[in-house]
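Shown here is one chain on its own, the form predicted alone, set out as structure tokens.
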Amino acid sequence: MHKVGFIGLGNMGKGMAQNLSKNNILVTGFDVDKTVFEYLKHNKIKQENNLETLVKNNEVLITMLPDGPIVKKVWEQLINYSDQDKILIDCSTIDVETSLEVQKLAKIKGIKTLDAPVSGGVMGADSGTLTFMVGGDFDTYSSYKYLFDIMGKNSILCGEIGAGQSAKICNNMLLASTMIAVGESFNLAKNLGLNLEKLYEVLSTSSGSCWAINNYCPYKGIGPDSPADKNYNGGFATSLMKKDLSLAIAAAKSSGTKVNYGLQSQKSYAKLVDDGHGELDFSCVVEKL
């Protein structure tokens, strides 16, 4: 078992790190917000305040950070302190260009890398049911797959470096658009006087079935427990969905791809953020627009 240095212990990272620790992985954490360690003190996760020491004492370095510029800044430091015995795994969702840039920089020093963004939200991070979309070479992925198996229920090697990030932005663009469509369907049903629980029974077992209905229904009391049952608190923040859609739109422009529904979805989530709902789960789109 490798020792893991985990950088970024926010809403997603803390659950991922805890699951590693619970499965007898020695985990040392680093975060600019030191209050997270009060929450983690009963989980055998050591606190480290110096990145150079973190790199020195751990073979695997996992980052779970908010955006590309922060990932670039942190990875440049990790690369500087690392040697060929290290592997850097980025689980953040960032632009493909930055992901490729920092991984190529690492490979110049012979450092192994993977990009491995996740799907499943905070609940998936806490319960260890995430899906990892991985970019990198087969041998590296195979050597460290056991870490993904601990933190999630699925990991898929999508291709060479950068492929994980590409898969993630495609996935989230579809999810964002699907959630809006689910909301419109339920709103129509409500206005037609249809029982929403009956609609759920139909949609979850027929051609309208999708993850946004079956696992994350955006209406309180319908389907499995979801952020809708907590007034849209927790889950995957609307501001993050806006960010991911912006990444998808940028990638679409650079690749010459038409994404009409993606553009419309991005505008919808941007309006939610502008209206002060950025911290709520993205499924609030069904009620707040």
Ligand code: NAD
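Not measured: the values here are computed from a predicted model. All residue numbers are counted from 1 along the displayed sequence. For clarity, a rigid core is taken as the largest C-alpha set superposing within 1.5 Å between two forms.
Below, we turn to the form predicted in complex with the named molecule, even though it does not appear here.
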> Any of the heavy atoms of Asp33 lying within 4.5 Å of the named molecule in the predicted bound form?
Replying inline: yes
>> Whether Ile70 contacts the named molecule in the predicted bound form should be assessed with a 4.5 Å heavy atom distance threshold; does it?
In response: yes
>> Since only the chain is shown here, I'm wondering whether Asp244 would be in contact with the named molecule in the predicted bound form (any heavy atom pair within 4.5 Å).
In response: yes
> Using 4.5 Å between non-hydrogen atoms, is Asn11 touching the named molecule in the predicted bound form?
Replying inline: yes
>> Only one of 201-209, 78-86, 100-108, 120-128 has heavy atoms within 4.5 Å of the named molecule in the predicted bound form; I'd like to know which.
In response: 120-128
> Since exactly one of Ile45, Leu54, Leu65, Val60 fits, which has a heavy atom within 4.5 Å of the named molecule in the predicted bound form?
Replying inline: Leu65
>> On the criterion of a non-hydrogen atom at 4.5 angstroms or closer, are Ile7, Lys168 and Leu240 all touching the named molecule in the predicted bound form?
In response: yes
> Since the partner is left out here, which residues of 254-268 would have a heavy atom within 4.5 Å of the named molecule in the predicted bound form?
Replying inline: none
>> Using a rigid core superposition, assess whether Tyr261 undergoes a CA shift of 2 Å or more between this form and the one not shown.
In response: no
